[in-house]
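Before any questions on how it binds or moves, here is one chain, the form predicted alone, in structure tokens.
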Amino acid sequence: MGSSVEVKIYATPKKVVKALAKEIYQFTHESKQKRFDFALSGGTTPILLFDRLAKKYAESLPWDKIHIWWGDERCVPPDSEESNYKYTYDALLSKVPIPDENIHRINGEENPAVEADRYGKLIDSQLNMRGEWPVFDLIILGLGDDGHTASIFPYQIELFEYERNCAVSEHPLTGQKRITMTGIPLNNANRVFFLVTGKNKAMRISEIMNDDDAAKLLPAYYIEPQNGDLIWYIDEAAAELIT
């Protein structure tokens, strides 16, 4: 891992999301930007963060300036219980005053290849660019038990060099198709925050933090913003094997 990585460890998942939510509040209020582009992750832990943002910051975040994107999505309809959009909407977006036009969902019900192309072009058309690639102000990522992040799985490390914003991936066990943001835009963000909790993530965290050879097989190892900050927000259970 690069020397610029910051790791913040908190006692419980609740304290992790409390700190991350406060960080989001602080940088949106300290910045004079007229727009913030945030890409959110799937998984269960972000629901705790969404709940915190909805309850604590519904009135104090500049929602009219915040545009919501997704780092990945399952190829399911938006009302599916598996949809990243659905649980983000239910836990957060339906409870805060964000304009509908600021919500940019991946259309998981559409043809995967066509939608990956459409979403990638939409990102290019709306975001600021650094070089030839879009710049997200913040990307929140999770970590799978197998070391995947977004929906880039261990057998798809080549997606970190894929020269399009989005691609179609496939879960290695279920075969479910997904649409994922690829490595170059992920690593072009101004800020990348990993949100990871639970003892079941401890081995993967240890491999990545200790720069173990095994980490080179894990997609999350390759998240290293070239012009931005990388901060890991983790709980003590996930951090217990770090040396």
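Just so you know, these numbers come straight off a predicted model, no measurement behind them. Heads up: residue numbers just count along the shown sequence, starting at 1.
The form predicted together with ligand 6PG exists for this protein as well; it is not shown, and the discussion that follows is about that form.
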Looking at T44, S60, N210, S31, which has any heavy atom no more than 4.5 Å from ligand 6PG in the model of the complex? T44
At 4.5 Å between heavy atoms, is N165 in contact with ligand 6PG in the model of the complex? no
With the partner left out of view, is I139 within 4.5 angstroms of ligand 6PG in the model of the complex by any non-hydrogen atom? no
Could you tell me if A116 has a non-hydrogen atom within 4.5 Å of ligand 6PG in the model of the complex? no
Would R74 sit within 4.5 Å of ligand 6PG in the model of the complex, counting heavy atoms only? yes
Non-hydrogen atom within 4.5 angstroms of ligand 6PG in the model of the complex for each of L143, S151 and K201: yes
What stretch, of 66 to 74, 49 to 57, 23 to 31, 214 to 222, brings heavy atoms to within 4.5 Å of ligand 6PG in the model of the complex? 66 to 74
Residues of stretch 175 to 189 in contact with ligand 6PG in the model of the complex (4.5 Å, non-hydrogen atom): R178
